[in-house]
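So this first bit is one chain, no partners, the form predicted alone, shown in structure tokens.
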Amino acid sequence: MTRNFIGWLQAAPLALILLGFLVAPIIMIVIVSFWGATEYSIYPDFQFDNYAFLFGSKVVWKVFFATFKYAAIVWVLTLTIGFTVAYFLAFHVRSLTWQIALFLVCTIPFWTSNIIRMISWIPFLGRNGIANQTLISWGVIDQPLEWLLYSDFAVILAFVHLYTLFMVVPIFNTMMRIDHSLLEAARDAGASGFQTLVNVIIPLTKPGIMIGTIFVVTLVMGDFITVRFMSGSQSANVGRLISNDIGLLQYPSAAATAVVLLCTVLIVIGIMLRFVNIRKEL
């Protein structure tokens, strides 16, 4: 009894912090999502107008589709790059010193802010940027490519640049825990490198892949700054809708959109957790 009381007492400070800074704000957002608003004021109420507008608007459905499109494409690309980098560091770099050194090299972009790293692509991808000028000088193209900047391509490129490390870290951490004797046993049993990858490495790496997936998907679905800058305000995602509503002081509408986005992300995460037990990594 005393031990249980001490355990609850030790957990109480963190529980209070979570209640005050996580649970309470979410509850407040849910409450405000049912309020009403005019052009000049917000009034407490209990109505479903905000949700009715969201689910009845074709524009909102298109924005949600674009958000899922960004999340899916970025997930595939970051998983491919992250798995490859983690595999190389874990199984091809034998020295622990070199593993740490190369891993730190991967973190160098994070020494600057996201906005700086994102904006750095603009002079590279612009009409008169380095990429177009190089391709023209090589004779690959005759005129600058317009779709390199202020397009979905630029948005996805920036997302991959910003969030690939969130996929590399958990996968690399999981791969480092794999017993190399299992790989040797697979080779002794006559398994090829591809068979070892599919039947040994990938199944044992699933928890890390799932953690990286949760990071990348949630970050992409909530990021609106990247979409705004890299698309030249020509594309939008759900985060951008929320930002626009806040800018217009339409807080109930923004809160309703945020609740729908939160529920959507939680459903996606819940579905993913049904397939992989990430408790092994926590």
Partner chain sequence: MSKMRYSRRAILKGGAAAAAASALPAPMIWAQEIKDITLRQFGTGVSNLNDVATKVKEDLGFTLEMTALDSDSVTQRAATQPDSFDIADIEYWICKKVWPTGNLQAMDTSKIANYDKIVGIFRNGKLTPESTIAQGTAPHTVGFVDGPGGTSFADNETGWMTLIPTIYNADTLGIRPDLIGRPIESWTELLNPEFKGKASILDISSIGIMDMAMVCEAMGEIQYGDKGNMTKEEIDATFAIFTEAKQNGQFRAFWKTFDESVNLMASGEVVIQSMWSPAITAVKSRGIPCVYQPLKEGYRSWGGGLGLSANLSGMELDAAYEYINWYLSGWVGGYLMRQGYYSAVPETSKDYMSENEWGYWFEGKEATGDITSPTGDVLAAAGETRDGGSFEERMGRVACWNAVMDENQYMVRKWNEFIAA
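Bear in mind the structure is a predicted one, so any value in this text is a computation, not a measurement. Positions refer to the first chain, counted from 1.
Separately, the form predicted in complex with its partner chain exists; it is not shown, and the next lines address it.
Within 4.5 Å of its partner chain in the model of the complex, a heavy atom is found for all three of V63, E146 and F229. Stretch 126 to 134 is the answer when you ask which of 126 to 134, 173 to 181, 79 to 87, 191 to 199 has residues with heavy atoms within 4.5 Å of its partner chain in the model of the complex.
Using a 4.5 angstroms threshold between heavy atoms, V217 stays clear of its partner chain in the model of the complex. The closest non-hydrogen atom of M28 lies beyond 4.5 Å of its partner chain in the model of the complex. Put simply, Y251 is close to its partner chain in the model of the complex: some heavy atom of it is within 4.5 Å. Contact check for F53: a heavy atom falls within 4.5 Å of its partner chain in the model of the complex. The single residue of 150 to 170 lying near its partner chain in the model of the complex is Y150, the criterion being any heavy atom within 4.5 Å.
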